[in-house]
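Before any questions on how it binds or moves, here is one chain, the form predicted on its own, in structure tokens.
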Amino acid sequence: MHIDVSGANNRGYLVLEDGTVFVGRLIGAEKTAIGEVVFTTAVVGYPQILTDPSYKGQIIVFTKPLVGNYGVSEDQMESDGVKAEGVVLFEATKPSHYKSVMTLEEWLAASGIPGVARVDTRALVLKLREHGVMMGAVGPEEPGALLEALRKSPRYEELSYVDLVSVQEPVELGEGRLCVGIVDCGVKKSIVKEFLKRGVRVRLVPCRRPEAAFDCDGLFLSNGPGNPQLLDSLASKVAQYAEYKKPLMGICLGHQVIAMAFGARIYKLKFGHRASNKPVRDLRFTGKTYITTHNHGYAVDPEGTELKVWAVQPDDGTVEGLYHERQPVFTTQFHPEASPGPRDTLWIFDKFLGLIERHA
């Protein structure tokens, strides 16, 4: 497919690690960014996606061809700013929404994030599905220079990004009789809001210091970016907490770390699950299939662990939820808070708080 980029203000490039070059129009900041190139099939929710700390270290490809049509507003943010390293899309549209305060392009520029528009995203996503996610570079430099910079850079799975998106000191939020300790590996604002609206106190603690929340009534491990296999020390501390037989829950990266704490193996998916329309089948609690939001490139192999599977992704069988038969331990690989996406699984927060109530 030929994409016409003539008349563009600036030419931009996406270069993949195998040397493939995609040419488009540079949007956002006039700089180069390097990261793991991943794609999302979400139709809406680009502000929430771009500000999700789990995307730190990654360049996001949007499969939806038109992105930006409702602009950007403060109430759409999942953190204090854009966390993705770069953006690739087909067309950045002008907004038409009463809440919008700026366009997508203006927001990216103000945030120092480069992007490339007018890219053949269908061809790009087909390549990533066939060959798996790759490292890439986006920016205004010539492809040869981008490829050279890319080859000198560490790979995504070699870097630990959680320290860049975690609180540095404990933070207390809300009021209530019960306390939920959140181990912040890059927690989304909407997750914190779901706990606060249920009338509990929340203590956010650094990802490297989960013990700062061990005295809370329950411990929650958040979502976050990067390779979970680099978090062995965190998994060891979670295993120590599990010996107290107190309520324990994790979402996304937190799910993977809890699985590691109980001896499970983690493996990398070929191109991951990133969407707001992924089915998850509940094998234990309700028997229903839910449409859910996902953002993960790693998955759990539960063989050899005490944990049991309660949810799976029916398309490929990926484990989407674990539980312990004798301890109050419960996890989800998907995002029950959605944001963006369907809110079918908000009951999971109530289930965790029910566990806390019974063990308080």
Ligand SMILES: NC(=O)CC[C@H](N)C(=O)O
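All values reported here derive from a predicted model rather than from experimental measurement. Numbering starts at 1 and follows the sequence shown.
The same protein has a further form, the form predicted in complex with this ligand, not shown here; the description that follows concerns it.
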**OP:** Tell me, out of Pro47, Gly297, Gly35, Pro328, which residue has a non-hydrogen atom within 4.5 angstroms of this ligand in the predicted bound form.
**Re:** Gly297
Original post:
this ligand isn't shown here, but in the predicted bound form which of Val138, Val187, Leu219, Cys252 has a heavy atom within 4.5 Å of it?
Top reply: Cys252
**OP:** Please name which of the stretches 123-131, 225-233, 197-205, 108-116 has residues with heavy atoms lying within 4.5 Å of this ligand in the predicted bound form.
**Re:** 225-233
